[in-house]
Ligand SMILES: Cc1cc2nc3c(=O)[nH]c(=O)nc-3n(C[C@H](O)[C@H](O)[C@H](O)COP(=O)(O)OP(=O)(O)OC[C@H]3O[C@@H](n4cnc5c(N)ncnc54)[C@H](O)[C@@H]3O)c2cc1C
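Before any questions on how it binds or moves, here is one chain, the form predicted on its own, in structure tokens.
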Amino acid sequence: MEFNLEEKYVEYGKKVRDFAQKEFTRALIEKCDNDEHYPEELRVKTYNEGIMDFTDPWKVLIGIEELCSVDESLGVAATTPYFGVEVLMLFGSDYIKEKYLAEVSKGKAIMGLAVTEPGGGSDVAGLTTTATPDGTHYLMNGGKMFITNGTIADYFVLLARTSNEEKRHHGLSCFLVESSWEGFTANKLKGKMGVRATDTAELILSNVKVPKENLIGEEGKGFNYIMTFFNISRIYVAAQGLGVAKGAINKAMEIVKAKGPGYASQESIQFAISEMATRLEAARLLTYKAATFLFNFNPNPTLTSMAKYYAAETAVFCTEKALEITGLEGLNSQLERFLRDAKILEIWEGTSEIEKLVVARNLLKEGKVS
């Protein structure tokens, strides 16, 4: 069993880390956090310099970790323009791939994924947005909430109800929706706790006419498509958690060492650093194991959910512990923002509670642990 990354991935990680340390300036970080500003210029630069290589999922995972270790908010903002492309790649028609996916791949358009609704996010099968056949189109009505890239995305992978079935998830379908279409409205959400450089919005759909050729895959299979996507995206959220935890530990050690050898030699401080580093290592091993299954086209939903919730909780644990051991110096450093940014990891792409339910139900179904 090999635990070392191939040299090409080590070099790639260094390239991304160097980029983030250069481009994620304190001035840019503070501006985007204070103004809740999406850094379009950073997105363009990230694309032009080939920082995110979506031809290799391992590079995506490593790249996300390195970006988020410098600043999660900017790191996520630099990578989410491609949010949802996996659905198009796996299930989209040739028409959709040629018209929409190609534009996103060239950096000319921004993607978004619209699933969560005002009435709830965890109960995907309970969504109420409808898409009703009407001649050559579907008429779409309803609303979405907390949608990443909501006011800046050109295209959305949107999940809507096309029929009412006894099993609710059987009546859902995915569509490619353009934000420029009549009846589509996006309202930016402000005052977020963290990841303020990302764009988050409420979407309102009022008789939006969606051409039938913009149906993704088969009607009624949308729930399965979105769950497949979550098995992919949850690995990348875990990578965000690894980055935040690593960044918090490194910053905490920098502050602790600056306080002098007397402070750094205290057992309580050393215990805290040991606990943080151990949890990070455990979270990374779990994430990489889950990623190995996924990237070899043999996803293991149990491991994926384990990795997502554990890495997210590790990020929160490490940022909290880092603030505890650094005191006023930590509170006045980027660690305060690290903690605010970390909390979302326990929520998006499935809350920690949902992930734990997935793990338990799968284990109970199997009747044993391996």
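The numbering used is simple: start at 1 and walk along the sequence shown. Computed from a predicted model, the values in this text were never measured in an experiment.
As for the form predicted together with the ligand, it is not shown, yet the points below apply to it.
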Taking Thr200, Ile347 and Leu357 as a possible spot, do all three reach the ligand in the predicted bound form with a heavy atom inside 4.5 Å? yes
Taking heavy atoms and a 4.5 Å cut-off, does Asn362 contact the ligand in the predicted bound form? no
Is Ser122 near the ligand? Define near as a heavy atom within 4.5 Å, in the predicted bound form. yes
Is Ser233 close enough to the ligand in the predicted bound form to count, meaning some heavy atom within 4.5 Å? no
Can you tell me whether Thr351 touches the ligand? I mean in the predicted bound form, with a 4.5 angstroms heavy atom cut-off. yes
In the predicted bound form, which of the listed residues (Ile216, Val177, Ile147, Leu242) lies with a heavy atom within 4.5 Å of the ligand? Ile147
Only one of Ser105, Thr129, Thr116, Ser173 comes within 4.5 Å of the ligand in the predicted bound form by heavy atoms, so just point that one out. Thr116
The stretch from 250-258, 89-97, 107-115, 263-271 that lies within 4.5 Å of the ligand in the predicted bound form, judged by heavy atoms, is 107-115
Suppose contact means any heavy atom within 4.5 Å; which members of 277-309 contact the ligand in the predicted bound form? none
